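Okay, so here's just one chain, in structure tokens, the form predicted alone.
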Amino acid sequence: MATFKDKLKLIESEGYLRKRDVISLTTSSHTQIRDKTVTSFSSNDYLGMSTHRDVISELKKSASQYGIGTGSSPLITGYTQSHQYLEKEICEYLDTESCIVLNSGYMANLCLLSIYDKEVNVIQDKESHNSIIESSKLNKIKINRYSHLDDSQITKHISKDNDILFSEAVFSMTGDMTNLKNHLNIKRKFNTQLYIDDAHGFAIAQKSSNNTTIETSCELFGMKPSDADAYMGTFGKAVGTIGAFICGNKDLIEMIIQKGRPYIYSTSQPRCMIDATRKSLNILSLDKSRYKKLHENITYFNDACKIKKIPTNLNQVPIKTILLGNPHLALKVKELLLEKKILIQAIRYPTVPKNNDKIRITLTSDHNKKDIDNLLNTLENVICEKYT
């Protein structure tokens, strides 16, 4: 039997060894790493809300009043008035019937598929987030996966009524978007359930209407979150705090309370963090300046990439990737940029399929045009040198 040491050596030789850098975060756009300050294009804090002074002030105020821990799960004494208020407020923002707040997006997806007593058929994209994949594996689920973004394959996997089409709105490692309108049409035609994971679209997705005060990817396709049987969003990205939520009808949410093991058996989020999340959402619902700046940066980045012929996705999302296809090359490009005081991430198997290794860039509202120009000029030089 191979020892862990042998396995670790093999992982490293293949270019897949993961390492943790110790950082000191200043803003969503600048970070201190390896004793130097760099421009960061690695944060999912898309709107810079994690350092918003009013959000921090609310957290401090709540912590002083209520302490920094709930001390138990939501079904014991961990469901506070703040948790209840947050759930009601999200329903108002998104015009949904019911809502439940959980500790993370990963936990939310595990909960969604843990409520079934009998085997159900789940249809999902092959590049779905690990939380969707693992939720299917851990629970009584029959998994059917279709080629990335190839909606034409979905119907051949539908077996009976109440199959679940589990759709990731914005793919976290590519920036690709699912055509949610197609998925809604499939739901209606074949009587499937539609679950939407909008972790990277909630509060930042480009809107085509003014139906809600908090943006979601649904509006981009002329939908509402309530058109889905379950809509999941997170607070750890655009909202700048931590945790997640699921919206759906009252019966679905009640079933999660009864059967969602990750929810039932986990200590709930601290009340002070919940109050900080409420404050952040309130600000984002009223003040769209950060949202507008983010989309200005995305448009500026996309236009510059067209001119420079940098091969990346050009949709209106803050996640940008460049496919390299080799883990060692992805790591090398990351280090080359870090030498220039720019932090991007090398994304490798098993986060993405083998031979799909890439660099990942995330834009935020805190970046300015100079930051973006510096990044793209450096990338252009690296690409011209053919990554040598």
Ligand SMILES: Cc1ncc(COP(=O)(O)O)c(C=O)c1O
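Quick caveat: nothing in here was measured; it's all calculated off a predicted structure. All residue numbers refer to positions in the sequence shown, first residue = 1.
FYI, the form predicted in complex with the ligand isn't displayed, but the following is about it.
- This chain is displayed without the ligand, yet in the predicted complex the stretch 106-114 from 267-275, 106-114, 76-84, 308-316 comes within 4.5 Å of it by heavy atoms.
- When the ligand is considered in the predicted complex, S172 lines it closely, a heavy atom lying within 4.5 Å.
- Shown alone here, M232 lies within 4.5 Å of the ligand in the predicted complex, counting heavy atoms only.
- Within this chain, G243 lines the site of the ligand in the predicted complex, having a heavy atom no more than 4.5 Å away.
- The shortest heavy atom separation between S136 and the ligand in the predicted complex exceeds 4.5 Å.
- S131 is the sole member of T178, T96, S131, N297 with a non-hydrogen atom within 4.5 Å of the ligand in the predicted complex.
- For the residues A199, A203, C218, V122, the 4.5 Å heavy atom test against the ligand in the predicted complex is passed only by A199.
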